[in-house]
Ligand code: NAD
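Presented below, as structure tokens, is a lone chain in the form predicted alone.
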């Protein structure tokens, strides 16, 4: 069959809207009509060429929602007509990682997914006879895409595609980092570095968890109003913190008789390795946890003095907010539909596929929280 898609032919080059050939689903796969897709910083990270796993040509996109239109042999958990969200982190429920219950990083199809192909080692996409790579196992910048059954979450049918597509990455990553990875408790103090699409969801996750003091840190003063909208209690622009941001934040979080400052939890949503260090060192000695969410460029490394860790601070990483996709994503969709979390205000721009490059321009200019393409 044919499908319209935005294809990345090369790194650092605008996407091109073309008609691709798409082969139907094979064993254990489903064909999904993508109704809406968000444009995420991770898509830009790969398009820029900084992603060590980036492959071209490829159909990018990993934040979508749509409808199952066909199912291959052996599919048992999905059927035609099901409303779904593609998962770049699958949940097979049978691999050692899934069975361990210690991680959400399912390994069932990790090798082939990283190679830009389906589990059988081939691609379903082609253009003028040339193979086109899948991206993160999802490729939601195509109106139709094929996915493994274990990489699809079935959701309720009354959820709007142009809103819940954001749950495919940004919402789940931010809220999940708070609830699943950090396990923030009521009354905690927290600092969030970077108030973009992920950071704002970390903030509303902290509000859900009952955090008492939520400090947002961003170089863009316009983000102050956004942070406050989702539960932020204090805002800091590093350019106005007097030169020593760590000392400034530690001083802000001093409490109790001993007046030892530092946050119980910090979250890096920037991908900047210097900010990651600041986030760790702004933690409370003895028990502070710093969660790395942002993805750094190829070859970059984090560093700090070992003393920071010896004195009880903990560095953690998280992928997809520690969420088990097929289990947790439907629950988060229900939270949205029940009004427990907000998504609509963060969808700042909606556009057709033909304007997808404009969405990247808005992201670069800091003028959008999330742009969504509606097919």
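Residue numbers count along the first chain shown, from 1. Keep in mind the model is a prediction, meaning the values are calculated, not measured.
Just so you know, the form predicted together with the named molecule exists too; it's not on screen, but the next bit is about it.
- Stretch-level contact check against the named molecule in the predicted complex with heavy atoms at 4.5 Å: of 152-160, 292-300, 74-82, 247-255, the positive one is 292-300.
- Checking 122, 220, 94, 304 against the named molecule in the predicted complex, a heavy atom within 4.5 Å turns up for just one residue: 220.
- Just one of 227, 148, 262, 197 comes within 4.5 Å of the named molecule in the predicted complex, counting any heavy atom, and that one is 197.
- Residue contact with the named molecule in the predicted complex: residue 88 places a heavy atom within 4.5 Å of it.
- Put simply, residue 173 is close to the named molecule in the predicted complex: some heavy atom of it is within 4.5 Å.
- Mapping the unseen interface onto this chain, residue 204 falls outside it, with no heavy atom inside 4.5 Å of the named molecule in the predicted complex.
- Looking at residue 318, you'd find a heavy atom of it within 4.5 angstroms of the named molecule in the predicted complex.
- Scanning 270-300 for heavy atoms within 4.5 Å of the named molecule in the predicted complex gives 270, 271, 272, 275, 293, 294, 295 in sequence order.
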